[in-house]
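Next comes just one chain, in structure tokens: the form predicted on its own.
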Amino acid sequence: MAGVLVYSTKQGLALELISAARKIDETVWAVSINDDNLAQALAAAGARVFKISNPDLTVADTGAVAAAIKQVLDKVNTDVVLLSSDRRGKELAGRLAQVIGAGCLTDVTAINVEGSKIECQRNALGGATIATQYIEGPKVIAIRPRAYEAAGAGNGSVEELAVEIKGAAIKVIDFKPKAADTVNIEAAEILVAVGQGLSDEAKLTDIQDLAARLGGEVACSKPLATDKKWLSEERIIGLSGKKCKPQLALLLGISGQVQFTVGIRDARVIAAINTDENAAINYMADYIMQADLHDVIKELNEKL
């Protein structure tokens, strides 16, 4: 292989992609678009950075970004691109794959090189199993956040690169932040996650108090955010949310459906509190308490 090209607008995720790329090849190129700080950070991690400065190019226009990355690929002559498997990265992955005629895999959790094959591990069958897949020919691979550690210090470089961008059919007039939590449960070392065993929304205050006392964050299973609207979607763990690797996961009133467990099974320690002795979550938990979560939370808050 003749090197790997990586791209993400987020510095932390881009540094993780550099670590993943080095599993494939020691030669790593990176792209930054209208972001000098990102370019310098990637170079400091050892990547050879192509810095694109173009006022007509906005990272929200994934079609234009795909066209720009293709021009970078034409220059470096590689057919392997790593992106981050966040929302924008997934959209870009499909667009870029179409532009360069590549195969595309998203939500990849691990990669391994066997000869000329880049074997990618991904959740399959709704998270019930892990599939190993690979792409023949040009490859666009989107890596799940936190699948790899951020790259350390290295000796890279920054090179200015001019690209030609056609006028977009849609003009971006303004950016406004999404009205939502700014919490990053993927980075939390301690998570207090709650499921449908919670009796009512008012009880969330006790959950939040406990998380604060432990120095952690509150997370949840999907129904509490999408159905009941008690918490934001930024706090969902699982196939439809975030994959988390905390040092401690305290799971309260969560049955343990596979769509949830795929997002927390890599936690170092899992403690589950549930009234159902046969709950599926008990089969993966390190510690189990069969009890009413409200009683346990009250006592924990008093003790802490």
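Note that the rigid core is defined as the largest set of C-alphas that superpose within 1.5 Å between two forms. Just so you know, these numbers come straight off a predicted model, no measurement behind them. Start at 1 and count along the sequence shown; that's the residue number.
Beyond what is shown, the protein has a form predicted in complex with a small molecule; the following relates to that form.
So in the predicted bound form, does Thr62 come within 4.5 Å of the small molecule, heavy atom to heavy atom?
Residue-level check for Thr62: no, no contact with the small molecule.
With the partner left out of view, is Ser84 within 4.5 angstroms of the small molecule in the predicted bound form by any non-hydrogen atom?
Ser84: no, not in contact with the small molecule in the predicted bound form.
Even though the small molecule is not shown here, does Met284 get within 4.5 Å of it in the predicted bound form, heavy atoms only?
Because no heavy atom of Met284 falls inside 4.5 Å of the small molecule in the predicted bound form, the answer is no.
Could you tell me if Pro246 has a non-hydrogen atom within 4.5 Å of the small molecule in the predicted bound form?
Residue-level check for Pro246: no, no contact with the small molecule.
Look at the stretches 37-45, 23-31, 63-71, 249-257 and give the one with heavy atoms within 4.5 Å of the small molecule in the predicted bound form.
Answer to the contact question: 249-257.
Would you kindly say which of Arg88, Lys203, Lys222, Arg122 lies with a heavy atom within 4.5 Å of the small molecule in the predicted bound form?
None of the others qualify; the residue that does is Lys222.
Is there a C-alpha shift of 2 Å or more at Ile118 between this form and the one not shown once the rigid core is superposed?
No.
Align both forms on the core first, then report whether Asn282 has a C-alpha shift of 2 Å or more between this form and the one not shown.
Yes, the C-alpha position differs by at least 2 Å between this form and the one not shown.
Note yes or no: does the Cα of Ile24 move by 2 Å or more between this form and the one not shown after the core is superposed?
No; Ile24 is a residue whose C-alpha shifts by less than 2 Å between this form and the one not shown when the cores are overlaid.
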